[in-house]
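Next comes just one chain, in structure tokens: the form predicted on its own.
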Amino acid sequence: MEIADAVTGRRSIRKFKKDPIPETLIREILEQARWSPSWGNTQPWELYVITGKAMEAVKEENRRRILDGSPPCPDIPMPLEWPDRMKARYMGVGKSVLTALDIAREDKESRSRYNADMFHLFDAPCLIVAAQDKSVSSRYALIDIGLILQNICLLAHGKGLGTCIMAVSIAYPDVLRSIAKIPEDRIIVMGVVAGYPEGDSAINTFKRQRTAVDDFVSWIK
């Protein structure tokens, strides 16, 4: 697969087949992704690959908590406000998702059910959690973690897998620390779910939107 095809063709997958990913394939992706750049080659990322019974336990506990009304409490708080132009994009993708699922805005029951499915991580068979040492105070480490996660997503796409970078996957860090044995002195940064996509599902095929280049680029000559 050409690099350009991987970048433009990768998309967030929200419905997965139940087939597990062979560990050899996950390892192959990570062997390649470890060459991601980082500030001064510090490679600050630590990854936890959760599959099988452990993954089922994470998904079930996540869904139980959100249905019980337990508020998410991630190590890195989610932003509550965005500039208007960014909020519009965020609201736009939410509308696209609900439209693809044929869920009306006023259908609170279906919206709640979708939210529970999201906290169940769209029933993906694999979750890769990225963490870093709490003693690392530099924000550069977060940029570096973003780089390796993007490369994981691109490599997975090139091998026929689907991924979704999900803030809700790390919404309850105590669950991950308990099940994945992530130490207390690690900050849980972000998670990526992975699996084989249901290719013909509307939730995986709706038209995506991106702003034009000249909307975010300034040319200085």
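All residue numbers are counted from 1 along the displayed sequence. If you're wondering where the values come from, they're calculated on a predicted model, not measured in any experiment.
Absent from the display: the form predicted together with a small molecule. The rest refers to it.
- Judged by heavy atoms within 4.5 Å of the small molecule in the predicted complex, the contact stretch among the candidates 159-167, 174-182, 44-52, 58-66 is 159-167.
- Checked against the small molecule in the predicted complex, the residues 118, 142, 136, 100 give one hit for a heavy atom within 4.5 Å, which is 118.
- None of 76, 86, 93, 104 but one reaches within 4.5 angstroms of the small molecule in the predicted complex through a heavy atom, and that residue is 93.
- Taking non-hydrogen atoms only, residue 15 never approaches the small molecule to within 4.5 angstroms in the predicted complex.
- The small molecule is not shown here, and in the predicted complex it never comes within 4.5 Å of any heavy atom of residue 30.
- With a 4.5 Å cutoff on heavy atoms, residue 154 does not count as touching the small molecule in the predicted complex; it lies far away.
- Put simply, residue 190 is close to the small molecule in the predicted complex: some heavy atom of it is within 4.5 Å.
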